[in-house]
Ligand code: NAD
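Given next, in structure tokens, is a single chain: the form predicted alone.
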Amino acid sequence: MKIAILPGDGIGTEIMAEAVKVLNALDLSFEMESALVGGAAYEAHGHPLPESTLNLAKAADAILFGAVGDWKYDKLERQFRPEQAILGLRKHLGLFANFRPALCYEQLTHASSLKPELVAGLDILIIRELTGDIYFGQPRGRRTAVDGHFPGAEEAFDTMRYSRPEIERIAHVAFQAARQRSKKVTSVDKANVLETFQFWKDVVTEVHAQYPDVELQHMYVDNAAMQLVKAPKAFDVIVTGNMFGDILSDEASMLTGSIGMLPSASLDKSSKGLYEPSHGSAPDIAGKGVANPLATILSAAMMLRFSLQQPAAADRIESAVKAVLSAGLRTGDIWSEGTKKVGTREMGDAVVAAITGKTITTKT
């Protein structure tokens, strides 16, 4: 089992070190090879996704990804910015289905910004289409307007588009996932305004006919954003497009207490995947040893389950994370009165201790 390790920028190197430490504690036969990506790759190779890194990702059985980005690269031409690395990997590897679970651990109900009774037992799966929509649609660019309210003015434009096969395949993924859960899918769109999402709604409805055992409801994205805060446990599986999924999954992350707890998986049609925390590179805290590594560690568990066919090992990691939280250990983003605040390395060490059956200890 070959794993491509791509730490990236900012806190990426710190959180990745803890995830690798946890994987090594499992005593499985992994071959792990690291490569530069994002801003770090740009500094070394002049491009955020060098050919050598892309070739490693293609050759690996799975990719564990940290985070990319830094404000200092914001003035670069778009194709050289760190974020183009993750977009390029999704495109070149055909990673069209993004799984973002929003699970509120019992120990963290008071860390959520919502009342405990609204989030206790929360278990949502957001499935985001990842290679289409306005993020990849062409044409795009800048030009002089020839119509509209201000002809002759400079304008920028992007194109929102989806083809039938793109919608069909992500709908199948959502309905199949729902069959393993509570058999309910909410398809989120903006069909009342956008032709693209009227088409989305029509195609999802057609695909649903093949899954009569699964309930389907359609919901406009603005209402879905409100309902996630009002009654989040009413959702089971949410399926939506690239842009709406990007926004809604970050909103859902705060229901769980912190985006630092949310793993994600981006899969191709054969379940080869890229696994990464849902949060970003957080350059403001990079190097301080305070970042929460649990989202990356839980992403490694998803990698074991979905791409490497090691469900027992995935269970061991997830059980270890629960044990550490039960012991009262918290990084700063999930800390509350009465719990022990620990740093990135201490949290990783505690998860390793739980996996190997040792006593969970910490520095306070």
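Predicted model only: the values in this text are computed from it and were never measured. All residue numbers refer to positions in the sequence shown, first residue = 1.
The next section is about a form of this same protein that is not shown, the form predicted in complex with nicotinamide-adenine-dinucleotide (NAD).
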Just to confirm, with a 4.5 Å cut-off on non-hydrogen atoms, which of 196, 281, 266, 249 contacts nicotinamide-adenine-dinucleotide (NAD) in the predicted complex?
281
Checking a candidate spot here: are 19, 335 and 343 all in contact with nicotinamide-adenine-dinucleotide (NAD) in the predicted complex (at least one heavy atom each within 4.5 Å)?
no
Can you pick the stretch from 253-261, 131-139, 118-126, 178-186 whose heavy atoms fall within 4.5 Å of nicotinamide-adenine-dinucleotide (NAD) in the predicted complex?
253-261
Quick check on residue 61: any heavy atom within 4.5 Å of nicotinamide-adenine-dinucleotide (NAD) in the predicted complex?
no
Going by a heavy atom distance of 4.5 Å, is residue 285 a contact of nicotinamide-adenine-dinucleotide (NAD) in the predicted complex?
yes
Any non-hydrogen atom of residue 174 within 4.5 angstroms of nicotinamide-adenine-dinucleotide (NAD) in the predicted complex:
no
Mark residue 292 yes when one of its heavy atoms lies within 4.5 Å of a heavy atom of nicotinamide-adenine-dinucleotide (NAD) in the predicted complex, and no otherwise.
yes
What residues of 42-70, in sequence order, lie within 4.5 Å of nicotinamide-adenine-dinucleotide (NAD) in the predicted complex by heavy atom?
65, 67, 68, 69, 70
